[in-house]
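Coming up is one lone chain in structure tokens, specifically the form predicted alone.
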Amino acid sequence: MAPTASLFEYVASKLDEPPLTPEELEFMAEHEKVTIVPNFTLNLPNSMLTCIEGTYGPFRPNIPVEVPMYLALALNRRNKCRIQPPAWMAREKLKAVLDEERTIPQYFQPVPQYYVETAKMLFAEARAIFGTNAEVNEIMDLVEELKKVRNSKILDGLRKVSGPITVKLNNLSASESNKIRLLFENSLNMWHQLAKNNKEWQEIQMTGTMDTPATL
């Protein structure tokens, strides 16, 4: 009989099997807001564009405007705008967050909810906004290292679970929460089943005791 996997081993084996797919998380991230600088005038009243979830604009040359990621990428593909890099993706900002993640192991630093998906989409479709190839590669490396450090902290926190203690998993991003959601869902289901089985066993024991004839 194979030995029972520890909680840490179980989590590590499930990190590549999240409940939501990367494509589903990217779809959610596409609704996050980014700032663009249009190079055109939208020929609509007040140069405003109405979408299902809101109205954006005005779209006029060289006037920054905040729009959803999906709209920014669509305009960027048509060379109709310049996407401004998110403030958190500045090299010095990433270095500072990464240093804090390493030096404060008991807490996670606040990061955008969809930082993984946002970085992936911008690196794929608008990498020029980050500067030269060397600058882009450096920022990509910093984001990747940040992901690794935070993932390691998640596993370290769960490795210490033994009994009724609290694991601080604050400030997790969407992708990080997604990775451990399946674990806790399965754990709660198992706990519910154990409690149900225990109740049924107690009822059987009580029924058996009541049905047993008294010995003279």
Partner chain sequence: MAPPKIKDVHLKLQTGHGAGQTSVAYANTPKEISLVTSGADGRVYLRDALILEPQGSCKVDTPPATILAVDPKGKYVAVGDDSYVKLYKLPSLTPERSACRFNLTLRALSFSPCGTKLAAAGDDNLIKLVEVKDGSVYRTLNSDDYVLSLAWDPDSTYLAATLRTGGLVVYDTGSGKLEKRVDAQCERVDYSSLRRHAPSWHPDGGSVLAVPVGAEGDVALHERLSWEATGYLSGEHRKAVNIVAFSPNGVYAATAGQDKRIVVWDVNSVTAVAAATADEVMSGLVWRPDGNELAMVGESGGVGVWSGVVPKEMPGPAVSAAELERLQREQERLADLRKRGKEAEREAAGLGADLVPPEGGEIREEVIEEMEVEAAAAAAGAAGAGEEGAKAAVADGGEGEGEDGLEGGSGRGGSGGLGHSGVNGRPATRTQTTTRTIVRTVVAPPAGPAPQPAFQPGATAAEPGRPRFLCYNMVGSVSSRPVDDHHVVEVLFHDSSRFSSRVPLLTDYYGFDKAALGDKGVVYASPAVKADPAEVAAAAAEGAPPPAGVPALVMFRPFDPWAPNSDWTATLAEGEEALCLATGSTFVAVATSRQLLRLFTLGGAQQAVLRLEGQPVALVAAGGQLAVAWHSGPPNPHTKSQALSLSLYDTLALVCVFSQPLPLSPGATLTWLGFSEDTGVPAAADSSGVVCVRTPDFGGRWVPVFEPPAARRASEVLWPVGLSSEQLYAIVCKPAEPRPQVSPRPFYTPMDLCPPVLALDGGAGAAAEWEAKALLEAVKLSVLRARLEAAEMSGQVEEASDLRHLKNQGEAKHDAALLKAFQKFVRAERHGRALEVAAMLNMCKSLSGAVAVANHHQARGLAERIAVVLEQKQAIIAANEAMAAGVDAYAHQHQHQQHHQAAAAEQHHHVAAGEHQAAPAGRSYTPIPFARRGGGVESAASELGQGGEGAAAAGRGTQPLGPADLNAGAADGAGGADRGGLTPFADVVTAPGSTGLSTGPKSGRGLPTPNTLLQAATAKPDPGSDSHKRKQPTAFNNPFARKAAKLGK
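Residue numbers count along the first chain shown, from 1. Quick caveat, the model's predicted, so the values are computed rather than measured.
Separately, the form predicted in complex with its partner chain exists; it is not shown, and the next lines address it.
Every member of the trio Phe40, Arg60 and Pro64 reaches its partner chain in the model of the complex with some non-hydrogen atom inside 4.5 Å. Though the partner is left out of this view, Asn133 does not reach within 4.5 Å of its partner chain in the model of the complex, counting heavy atoms only. Interface membership of Lys120, defined by any non-hydrogen atom within 4.5 Å of its partner chain in the model of the complex, is ruled out. Proximity of Asn137 to its partner chain in the model of the complex: non-hydrogen atoms within 4.5 Å are absent; the residue sits far from the partner. This chain is displayed without its partner chain, yet in the model of the complex the stretch 30-38 from 146-154, 30-38, 49-57, 171-179 comes within 4.5 Å of it by heavy atoms.
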